[in-house]
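Just one chain is shown here, as structure tokens, and it is the form predicted alone.
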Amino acid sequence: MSASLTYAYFPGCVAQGACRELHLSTHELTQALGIKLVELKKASCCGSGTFKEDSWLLEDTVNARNIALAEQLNLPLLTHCSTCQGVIGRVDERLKEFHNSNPAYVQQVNHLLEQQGCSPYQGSTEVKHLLWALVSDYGLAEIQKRVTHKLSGLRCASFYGCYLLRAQKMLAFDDPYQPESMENLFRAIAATPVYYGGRAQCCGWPLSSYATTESFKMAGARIKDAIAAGADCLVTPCPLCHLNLDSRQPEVEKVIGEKLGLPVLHLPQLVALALGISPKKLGLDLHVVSTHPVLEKLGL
């Protein structure tokens, strides 16, 4: 582990609004680990993958600006949202490729930024999800040393979703179809990983605005698979997945005609519990699906 880890923090929209407990738990976790976050307060929404439906140039320019804000600080951009990672990381990857293959396009992006008084995109930093930072930068052995409340007996089903794993062409951190990063992190805090078919598939969120029934059926299928595998909870690194799997779980139950009741935790909430941070500070009382069964199993 580096003696001091500092990141330009891109919190995203959902974690600061609809699911603020996710933003709070990220701060609690990083403070406990001694990781410094410099919040990019002037950053804008990444677009959640919708900007490109109108214009690739729009998506690239908006997110080139977000990356440039981190570059100004000479820091890697850190997000705790799989969707933001997928979108911003893909833009960064594409523009870095274009520096050699299509420099005129990068110049066009930077010209648009200049017109708005923004710093140009340089391609000089990384876009990194909190999961990768914990596993690769901080290190599982170091996290294990800081555990004060082992999560022994808690069966955790990861839900990576799709953006985190497959939005970028080159992913150095994990296998896009058979990932292990979250499972390895679970083991480091003494939780038991649960493997099931839907852990690397889509939660249905991208469909939710125009095909709500289909979206909820997808979410229901993922939750049911995890329950069938014996999970005590789902753990996701994505606020948008959290919305579809936790906040909308009662609606999902109505669509599929079955009771589910599976707690959904955001990744930093789970890790922070193992570091002894109180459930109240992590906003675990703010979830739609009660997290009480998880806390009871852990004696919290």
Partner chain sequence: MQVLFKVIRQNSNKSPWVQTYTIDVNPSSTILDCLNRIKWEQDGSLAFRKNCRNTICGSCSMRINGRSALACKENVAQELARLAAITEQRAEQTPGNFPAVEVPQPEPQSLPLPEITVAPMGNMPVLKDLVVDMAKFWGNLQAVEPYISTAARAIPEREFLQTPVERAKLDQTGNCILCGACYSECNAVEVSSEFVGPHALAKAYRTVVDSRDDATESRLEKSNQGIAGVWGCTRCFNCNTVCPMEVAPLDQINRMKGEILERQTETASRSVRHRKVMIDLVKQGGWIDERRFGLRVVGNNFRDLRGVLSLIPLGLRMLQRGKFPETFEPSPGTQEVRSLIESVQLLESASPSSMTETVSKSPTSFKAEPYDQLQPKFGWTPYAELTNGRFAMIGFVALLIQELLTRQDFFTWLGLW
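Everything numeric in this text was worked out from a predicted model, so none of it was measured. Numbering follows the first chain given and starts at 1.
Another form exists, predicted in complex with the partner chain; not displayed. Remarks below refer to it.
Using a 4.5 angstroms heavy atom cutoff to the partner chain in the predicted complex, none of Q31, S124 and G257 count as contacting. Contact between L24 and the partner chain in the predicted complex is not found at the 4.5 Å heavy atom cutoff.
Although the partner is absent here, S101 lies well away from the partner chain in the predicted complex, with no heavy atom inside 4.5 Å.
Although the partner is absent here, L270 is not a contact residue: none of its heavy atoms lies within 4.5 angstroms of the partner chain in the predicted complex. Interface residue remark: D232 is not counted as part of the site for the partner chain in the predicted complex, having no heavy atom within 4.5 Å. Using a 4.5 Å cut-off on any heavy atom, the residues of 279-300 that reach the partner chain in the predicted complex are, in sequence order, D285, L286, H287, V288, S290.
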